[in-house]
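Take a look at this single chain, the form predicted alone, given in structure tokens.
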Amino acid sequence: MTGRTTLVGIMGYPIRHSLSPLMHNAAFEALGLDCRYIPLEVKPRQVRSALNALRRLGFRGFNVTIPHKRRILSFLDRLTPEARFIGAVNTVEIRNGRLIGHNTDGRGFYRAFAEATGRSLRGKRTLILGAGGAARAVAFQSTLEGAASVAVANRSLARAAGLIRDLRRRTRRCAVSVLPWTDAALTWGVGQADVVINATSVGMSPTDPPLLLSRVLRPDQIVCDLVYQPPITPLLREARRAGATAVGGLGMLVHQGALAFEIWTGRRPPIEIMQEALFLSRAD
């Protein structure tokens, strides 16, 4: 690093598990850019002061992860139409001292889904587990990609219902519904779905139980887990036991990160280099 090094990073709490610094710094090095990407552990009550500090320190921008994707909205100067549409932010650009909120999660998820499966979401019945920032992005992107239906299940029924209300305001072609977080409702919802997506943080801890068991899954389903560490989560193990197509979260991590990279640098990132950096971290 030098006195001219451009700084970006990722804000979250906790943040030590993040692999984003590995892939972004590998991309910067490959392109010969004098930039560094660093983890920024920020507690919820520290968000306002952290944003002021990043602005004063000359950061170019940063990613946003759990638990700040929705909380940060009120502190930003402007939202892109996409971020406003989704109601959550995962990427912030700092331009002329102004904080501009973007969301690359939805497009990143869809690019990863298509890359991993060779399929689209058009006509698919989709069940999303969770109603936080990542769930919102995936839900809205699913409607944009022509999903036949989107059902949302969340431990807080009110939060899931709020997401469904927002979806109904923005789409009329896709059937949307909310499910209570009960064994019976989840079993029924999985039975109706072509694609099941975990957008909660369950699975990050090695002691987490699987959200669903193999007996409720089918071989013709696609099961996606947005959790990327560990690469094979308890849910994905159950999906494999059922013979379903199992898609981990590393692909989404790469593609949403690549879109953020373009926002900050104006350059297309070397996606293969970013993927290789994550692969080597898994090998370690």
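Residue numbers here begin at 1 and follow the sequence given. Here the structure is a predicted model, which is why all the values come from computation and not from measurement.
Just so you know, the form predicted in complex with a small molecule exists too; it's not on screen, but the next bit is about it.
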At 4.5 Å between heavy atoms, only one of the stretches 219-227, 28-36, 236-244, 48-56 reaches the small molecule in the model of the complex; which one is it?
219-227
Non-hydrogen atom contact Gly189 with the small molecule in the model of the complex at 4.5 angstroms
no
Find out whether any non-hydrogen atom of Arg169 is located within 4.5 angstroms of the small molecule in the model of the complex, and reply yes or no.
no
In the model of the complex, does Arg98 come within 4.5 Å of the small molecule, counting heavy atoms only?
no
Indicate whether Ile72 is a 4.5 Å heavy atom neighbour of the small molecule in the model of the complex.
no
So which of Ala135, Val150, Val196, Val89 gets a non-hydrogen atom within 4.5 Å of the small molecule in the model of the complex?
Ala135
